[in-house]
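First comes one chain, alone, set out as C-alpha coordinates in the form predicted on its own.
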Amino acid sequence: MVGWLAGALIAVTLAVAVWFLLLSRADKMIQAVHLLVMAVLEVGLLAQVVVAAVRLTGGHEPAEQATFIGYLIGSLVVLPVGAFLAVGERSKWGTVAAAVACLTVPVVILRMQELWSVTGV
(Lines give C-alpha, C1' and ligand atoms only; values in the text may rest on other atoms or scores of the structure.)
Protein backbone atom coordinates (compact mmCIF):
# COMPACT_ATOMS: atom_id res chain seq x y z
CA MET A 1 0.00 0.00 0.00
CA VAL A 2 1.13 3.53 -0.68
CA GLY A 3 0.33 5.80 2.24
CA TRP A 4 0.07 9.08 0.38
CA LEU A 5 -2.11 7.53 -2.34
CA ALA A 6 -4.42 6.00 0.26
CA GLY A 7 -4.68 9.36 2.02
CA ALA A 8 -5.38 11.16 -1.23
CA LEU A 9 -8.03 8.62 -2.23
CA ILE A 10 -9.72 8.95 1.16
CA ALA A 11 -9.77 12.74 0.96
CA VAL A 12 -11.01 12.88 -2.62
CA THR A 13 -13.69 10.22 -2.20
CA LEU A 14 -15.03 11.99 0.89
CA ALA A 15 -15.13 15.29 -1.02
CA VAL A 16 -16.88 13.63 -3.97
CA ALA A 17 -19.38 11.98 -1.63
CA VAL A 18 -20.26 15.37 -0.13
CA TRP A 19 -20.57 16.78 -3.66
CA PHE A 20 -22.96 13.96 -4.61
CA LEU A 21 -25.02 14.45 -1.45
CA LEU A 22 -25.33 18.16 -2.21
CA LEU A 23 -26.42 17.32 -5.76
CA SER A 24 -28.99 14.93 -4.37
CA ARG A 25 -30.30 17.60 -2.02
CA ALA A 26 -30.65 19.91 -5.03
CA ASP A 27 -32.61 17.08 -6.74
CA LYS A 28 -30.02 16.71 -9.52
CA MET A 29 -29.35 13.49 -11.40
CA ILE A 30 -25.93 12.06 -12.01
CA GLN A 31 -24.23 13.40 -15.16
CA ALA A 32 -21.32 12.29 -17.31
CA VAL A 33 -18.87 14.51 -15.42
CA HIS A 34 -19.76 12.72 -12.18
CA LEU A 35 -19.11 9.36 -13.79
CA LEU A 36 -15.80 10.69 -15.09
CA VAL A 37 -14.77 11.68 -11.56
CA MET A 38 -15.71 8.19 -10.35
CA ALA A 39 -13.62 6.70 -13.16
CA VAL A 40 -10.60 8.77 -12.11
CA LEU A 41 -11.05 7.53 -8.54
CA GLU A 42 -11.24 3.99 -9.86
CA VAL A 43 -7.89 4.45 -11.62
CA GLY A 44 -6.38 5.55 -8.29
CA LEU A 45 -7.83 2.49 -6.59
CA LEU A 46 -6.47 0.29 -9.38
CA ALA A 47 -2.99 1.77 -8.84
CA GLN A 48 -3.29 1.00 -5.14
CA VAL A 49 -4.29 -2.59 -5.91
CA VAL A 50 -1.38 -3.07 -8.33
CA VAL A 51 1.14 -1.78 -5.76
CA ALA A 52 -0.34 -3.97 -3.04
CA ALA A 53 -0.32 -7.02 -5.33
CA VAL A 54 3.33 -6.46 -6.22
CA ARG A 55 4.29 -6.14 -2.57
CA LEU A 56 2.24 -9.20 -1.65
CA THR A 57 4.08 -11.27 -4.25
CA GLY A 58 7.33 -9.77 -2.96
CA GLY A 59 6.80 -11.33 0.45
CA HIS A 60 4.85 -8.82 2.53
CA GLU A 61 2.27 -10.65 4.61
CA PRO A 62 -0.46 -8.51 6.09
CA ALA A 63 -2.49 -9.81 9.01
CA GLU A 64 -5.43 -11.86 7.76
CA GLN A 65 -4.17 -12.02 4.20
CA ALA A 66 -7.39 -13.50 2.78
CA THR A 67 -9.41 -10.69 4.35
CA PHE A 68 -6.96 -8.15 2.97
CA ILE A 69 -7.29 -9.59 -0.54
CA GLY A 70 -11.08 -9.52 -0.17
CA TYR A 71 -10.97 -5.84 0.73
CA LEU A 72 -8.55 -5.25 -2.14
CA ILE A 73 -10.99 -6.77 -4.63
CA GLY A 74 -13.93 -5.06 -2.94
CA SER A 75 -12.26 -1.68 -3.30
CA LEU A 76 -12.29 -2.15 -7.07
CA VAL A 77 -15.94 -3.22 -7.20
CA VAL A 78 -17.60 -0.55 -5.04
CA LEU A 79 -17.39 2.44 -7.38
CA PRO A 80 -18.49 0.64 -10.57
CA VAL A 81 -21.50 -0.80 -8.72
CA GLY A 82 -22.34 2.65 -7.36
CA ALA A 83 -22.02 4.14 -10.84
CA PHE A 84 -24.21 1.40 -12.29
CA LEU A 85 -26.90 2.04 -9.69
CA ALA A 86 -26.63 5.80 -10.19
CA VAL A 87 -27.09 5.51 -13.94
CA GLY A 88 -29.97 3.06 -13.53
CA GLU A 89 -31.85 5.26 -11.09
CA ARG A 90 -32.52 8.53 -12.90
CA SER A 91 -33.55 10.48 -9.84
CA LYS A 92 -31.82 12.06 -6.88
CA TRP A 93 -31.57 8.59 -5.35
CA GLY A 94 -29.11 7.62 -8.05
CA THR A 95 -26.85 10.37 -6.82
CA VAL A 96 -27.31 9.10 -3.28
CA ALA A 97 -26.23 5.62 -4.41
CA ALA A 98 -23.06 7.11 -5.91
CA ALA A 99 -22.44 9.03 -2.66
CA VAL A 100 -22.81 5.86 -0.60
CA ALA A 101 -20.34 4.09 -2.88
CA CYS A 102 -17.89 6.95 -2.40
CA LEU A 103 -18.38 6.84 1.36
CA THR A 104 -17.62 3.11 1.35
CA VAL A 105 -14.20 3.53 -0.27
CA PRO A 106 -12.52 5.34 2.69
CA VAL A 107 -13.79 2.67 5.08
CA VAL A 108 -12.35 -0.08 2.91
CA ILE A 109 -9.02 1.75 2.52
CA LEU A 110 -8.72 2.37 6.26
CA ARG A 111 -9.42 -1.30 6.97
CA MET A 112 -6.82 -2.35 4.39
CA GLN A 113 -4.26 -0.01 5.95
CA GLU A 114 -4.99 -1.49 9.34
CA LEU A 115 -4.45 -5.02 8.05
CA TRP A 116 -1.39 -3.96 6.04
CA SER A 117 0.37 -2.34 8.98
CA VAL A 118 0.11 -5.49 11.09
CA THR A 119 2.36 -8.21 9.76
CA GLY A 120 0.91 -11.70 9.92
CA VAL A 121 2.64 -14.65 11.49
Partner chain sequence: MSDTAAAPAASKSRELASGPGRALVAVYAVFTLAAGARSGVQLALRFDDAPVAYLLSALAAVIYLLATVALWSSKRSVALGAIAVELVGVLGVGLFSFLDPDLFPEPTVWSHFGSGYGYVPVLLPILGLLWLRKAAARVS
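Positions refer to the first chain, counted from 1. Please read all numbers here as calculations on a predicted model, not as lab measurements.
One more form of this protein, predicted together with its partner chain, exists but is not displayed; see below.
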{"query": "Contact label in the predicted complex: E61 to its partner chain, heavy atom within 4.5 Å", "finding": "no"}
{"query": "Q31: touches its partner chain in the predicted complex, heavy atom cutoff 4.5 angstroms", "finding": "no"}
{"query": "Non-hydrogen atom contact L85 with its partner chain in the predicted complex at 4.5 angstroms", "finding": "yes"}
{"query": "Any non-hydrogen atom of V100 within 4.5 angstroms of its partner chain in the predicted complex", "finding": "yes"}
{"query": "4.5 Å heavy atom contact with its partner chain in the predicted complex for all of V96, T104 and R111", "finding": "yes"}
{"query": "Candidate from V78, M38, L45, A52 lying within 4.5 Å of its partner chain in the predicted complex - any heavy atom", "finding": "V78"}
{"query": "Residues within 4.5 Å of its partner chain in the predicted complex, restricted to 54-74 and counted by heavy atom", "finding": "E64, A66, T67, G74"}
